Ligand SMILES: Cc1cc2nc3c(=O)[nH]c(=O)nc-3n(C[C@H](O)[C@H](O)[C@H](O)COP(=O)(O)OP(=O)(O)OC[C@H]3O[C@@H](n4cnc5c(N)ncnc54)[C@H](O)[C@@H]3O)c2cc1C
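One chain is shown next in structure tokens, namely the form predicted alone.
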Amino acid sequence: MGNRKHAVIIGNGIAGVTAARHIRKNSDMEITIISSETKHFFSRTALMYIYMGHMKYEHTKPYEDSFWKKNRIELLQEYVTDIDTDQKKVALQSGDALRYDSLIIATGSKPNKFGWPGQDLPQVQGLYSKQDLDKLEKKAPNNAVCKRAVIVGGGLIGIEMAEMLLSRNIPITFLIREDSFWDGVLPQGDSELITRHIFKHHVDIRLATNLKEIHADASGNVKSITLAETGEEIQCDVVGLTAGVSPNIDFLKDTSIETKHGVLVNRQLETNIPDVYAIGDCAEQHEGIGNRRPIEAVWYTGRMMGEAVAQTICGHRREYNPGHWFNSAKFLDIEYQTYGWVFAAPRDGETHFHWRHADDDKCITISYDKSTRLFIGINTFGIRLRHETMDRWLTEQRDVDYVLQHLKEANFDPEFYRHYEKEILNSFTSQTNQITNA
């Protein structure tokens, strides 16, 4: 290693790998990435497409395997058992240890478990890691081996798992504790549209329903689950636990690194220990940035954190500044985008405008200030908008009238997508009795 400083990164997800790439761009440091999951970085959001047959694992790796050696980034497939921040050493399960000058914790998330009886049976799993994908392939290869699966939790990971299993014609019972899908995040009109869409795909949705227990057969394999509200027993072979995720930081419990739900960091992503940083899903801001939550398990924020921490480590101290909130996902056949803030229920002084197309697979909800008419955010389902346009309008603090009058400019692909702007504008006028002025 010589006299060069050593940056050790625990975790090879988007946050850790982005940090490594930018440290290399800005320095000649030694860089080691440690991961117990896989040797090489892969696109976690593409896991579902491997199971569905659209991709192979090697297609999910953004970089050739030779990239890492060429850029002098050492990859170590190991599990970290402890961190000695006084000696600046990382202990590995193999018994080896690594010294560091800068340490970046980027260990991501793990699926939530809530103490359900039977939650550790072999056919019970989340959908987060490569190991989870391999396990699902083994336990649910087809509808002969897995005659029914139960999914517990109605978030983004739950709907991904549902789509995966449906692609192999495996019947699904979907337990959602809310009154409609994701209604703690989505406004009522959006949530109900997605709920209807899931029903159309012949999924057995159980709304306002909770899991009570997972039962094993005489061989110790999953045979059924019981519902908390009714006591009904449902036969199944696989149970997917998709009731959210939490920071993967159990290995830090005996260290001096300060944690709460995640690893606590400041705006420079520094922990309470000098030269120790945390980024990505496992990092928790002491206070949320604006309306953002202190922990954000989102791909693009992990990438931004990786860039920011690399600059700080390389002597160009930088704050993490995520900008305007945005996200995207897919609910079976319907694409979803959100820009700015559209809360499940309008906050004080705000109101929502909701438009739904007659075919019931397209809708938008716009949040704006009732008195100033300031545009606050938009949700779209089945209609794709340009990120750069929406981001600019939020920065320019445009009003709702401007956004509606110019919505055509934000249409992602006007050549191939029908235009609904006129219908949306007429609906807004009808609902509010106000004519928009650009």
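The first residue of the shown sequence is 1; numbering continues from there. Note that the structure is a prediction, hence the values are computed from the model and not measured.
The same protein also has a form predicted in complex with the ligand, omitted here; what follows describes it.
> Just give me the single entry in Ile31, Val400, Ala410, Ile34 that has a non-hydrogen atom within 4.5 angstroms of the ligand in the predicted complex.
It is Ile34.
> Exactly one of Gly262, Gly306, Gly153, Gly108 has a non-hydrogen atom within 4.5 Å of the ligand in the predicted complex; which residue is it?
By the 4.5 Å heavy-atom cutoff, the listed residue in contact is Gly108.
> Quick one: does Thr372 come within 4.5 Å of the ligand in the predicted complex, counting heavy atoms only?
No, Thr372 is distant from the partner.
> Applying a 4.5 Å heavy atom distance criterion, does Phe114 contact the ligand in the predicted complex?
Taking the distances in the predicted complex, the answer for Phe114 is no, it never comes within 4.5 Å of the ligand.
> According to a 4.5 angstroms non-hydrogen atom cut-off, is Gln123 in contact with the ligand in the predicted complex?
No, Gln123 stays farther than 4.5 Å from the ligand in the predicted complex.
> If we define contact as a non-hydrogen atom of the residue within 4.5 angstroms of the partner, is Thr271 a contact of the ligand in the predicted complex?
No, Thr271 is distant from the partner.
> Taking 4.5 angstroms as the heavy atom distance cut-off, pick the stretch from 133-141, 100-108, 307-315, 285-293 that is near the ligand in the predicted complex.
Within 4.5 Å of the partner lies stretch 100-108.
> Which residues, if any, of 353-378 lie within 4.5 Å of the ligand in the predicted complex when only heavy atoms count?
Counting only heavy atoms within 4.5 Å of the ligand in the predicted complex, no residue of 353-378 makes contact.
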